[in-house]
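In the block that follows, a single chain appears as structure tokens, in the form predicted on its own.
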Amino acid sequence: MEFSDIVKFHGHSCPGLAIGYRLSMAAMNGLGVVRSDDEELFAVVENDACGVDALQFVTGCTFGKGNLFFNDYGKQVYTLFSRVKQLGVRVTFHGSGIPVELREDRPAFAERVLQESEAAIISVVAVPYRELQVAKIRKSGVCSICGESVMETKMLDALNGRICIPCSEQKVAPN
């Protein structure tokens, strides 16, 4: 898998995408796995930046399949698990091999991330396997205010029927 493929998917090259690519490849290599066709792998990401697109492309873990989980910690850290192997690995971008002054030159920083040895920029640590929920198909209902289809588990009871969260935030009186 080439970085240029991920750039096409994401839309541009940037340091975050390069970091995500390197972290994702390190995680895949650390587990000795290939891209997930379905839910053989699942990932926990600790930021919502450009690099998560690289993780989705490399690993096959996506929000839509329910095998990508987001913790809003602002860290360049991914944890990847293999259901088949019952193994997990946590990869962290520490970037110590990249001079601080280079970080201001975004194209040069991205290129250095792609060229640097893994040990100089990433730590890879095995973590205990823990099962996260597999995707569940849930029934939908219709919001009695906006008329939009809503996953039933996300609907709220109100005086005027079952409603979606956005409509509940419009000061609709709950039951």
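Whichever C-alpha set is largest while still superposing within 1.5 Å between the two forms counts as the rigid core. Note that residue numbering begins at 1 and tracks the sequence as displayed. Not measured: the values here are computed from a predicted model.
The form predicted together with a further copy of the same chain is left out here; the points below concern that form.
Of the listed positions (A110, A49, V124, L31), a single one reaches within 4.5 angstroms of a further copy of the same chain by any non-hydrogen atom in the predicted bound form, namely A49. Looking at C146, you'd find a heavy atom of it within 4.5 angstroms of a further copy of the same chain in the predicted bound form. Interface residue remark: R90 is counted as part of the site for a further copy of the same chain in the predicted bound form, having a heavy atom within 4.5 Å. For E118, no non-hydrogen atom is located within 4.5 Å of a further copy of the same chain in the predicted bound form, even though that partner is not displayed. Although the partner is absent here, D72 sits close enough that one of its heavy atoms falls within 4.5 Å of a further copy of the same chain in the predicted bound form. With contact defined as any non-hydrogen atom lying within 4.5 angstroms of a further copy of the same chain in the predicted bound form, R106 is the only contacting residue in 102-124.
V150 shows a C-alpha shift of 2 Å or greater between this form and the one not shown [criterion: core-superposed Cα displacement of 2 Å]. Relative to the superposed rigid core, H10 undergoes a CA displacement smaller than 2 Å between this form and the one not shown. Relative to the superposed core, I19 undergoes a C-alpha shift smaller than 2 Å between this form and the one not shown.
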